[in-house]
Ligand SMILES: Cc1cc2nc3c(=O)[nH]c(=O)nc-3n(C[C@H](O)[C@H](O)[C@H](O)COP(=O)(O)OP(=O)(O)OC[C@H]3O[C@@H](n4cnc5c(N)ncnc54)[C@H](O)[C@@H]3O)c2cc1C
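One chain comes next, on its own, written out as structure tokens in the form predicted on its own.
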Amino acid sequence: MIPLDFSYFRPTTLEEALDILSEEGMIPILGSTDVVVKLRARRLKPKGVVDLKAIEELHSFSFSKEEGMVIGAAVTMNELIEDHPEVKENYPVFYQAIKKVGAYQTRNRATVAGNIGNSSPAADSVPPLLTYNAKLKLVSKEGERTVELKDFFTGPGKNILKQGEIIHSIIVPYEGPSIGMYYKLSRIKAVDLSTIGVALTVIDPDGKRDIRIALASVAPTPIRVFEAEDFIRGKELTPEVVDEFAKIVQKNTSPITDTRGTKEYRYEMAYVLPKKILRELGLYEEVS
């Protein structure tokens, strides 16, 4: 096999990193848990890789009810799980999802920004962030912009990032107390990619009860099903309402068959799992 041939850069400032990345053929890496796989498979053939882990400002984390949660691009998933109790307390569905990403050793390197940037339809961290209305701060030599996470993905492995532009941080608004569940089905109980992932978040469960739902591995990109949310908003959760809610979720999917599952199985689970989650959250009971 022909050896890999590219340059490696490890800048210590954001300005230096953006200068290097502005050159054609340069790609950024963070945890590199996905990039290394692509490099080894020769699916990526960069001129150089730019390791962003030494840039201090990308390791920042903050939370307040006014500003929400801001996660620097280099913050690892295990740091979010173990070092920042605000995540579990205020964004429980997101917390559940990142605990299901890879093995413990993988999460020591893996970052949420990297999971988003890889733009896999199966990205576990994305559906819950969609339900929490997350945004991304993107930066390049030309400046910065903030985009809605729902507008970031354009297809499998594709997104709106331009050459030289990186995810600087993830911004997750705080909209009140929430409950919910991230339900992941995969081929095996051990570490595996999602055959289907469903994030259902209920904002302010003791008040207006805004039910939100997003899915992974059922479309070319992770999706949030606004049509189903609009249907169920303000309604009593009778078996008939919940059944129609699940049917709307299902019809908004466009799954494929691959090594992890058939399109028929994914389509069926897109109907079954929303009902299962609402039932397990104690929000409705099925009539026998």
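In this text, residue numbers run from 1 along the sequence as written. For clarity, every value in this text was computed on a predicted model and none was experimentally measured.
Same protein, other form: the form predicted in complex with the named molecule, not shown, and the subject of what follows.
Three-residue candidate spot Pro28, Val37 and Leu52; every residue lies within 4.5 angstroms of the named molecule in the predicted complex by at least one non-hydrogen atom. Shown without its partner, this chain lists Met77, Ile196, Ile71, Ala214 as candidates; in the predicted complex, only Met77 has a non-hydrogen atom within 4.5 angstroms of the named molecule.
This chain appears without its partner; in the predicted complex, the one residue of Val101, Leu130, Val93, Val202 with a heavy atom within 4.5 Å of the named molecule is Val101. The stretch in contact with the named molecule in the predicted complex, judged by heavy atoms within 4.5 Å, is 104-112, chosen from 171-179, 104-112, 140-148, 79-87. Interface membership of Ala134, defined by any non-hydrogen atom within 4.5 Å of the named molecule in the predicted complex, is ruled out. In the predicted complex, Leu185 stays away from the named molecule, with no heavy atom inside 4.5 Å.
Ile160 falls outside the set of residues with a heavy atom inside 4.5 Å of the named molecule in the predicted complex.
Although the named molecule is not shown here, in the predicted complex the stretch 118-134 places heavy atoms of Asn118, Ala122, Ala123, Asp124 within 4.5 Å of it, in sequence order.
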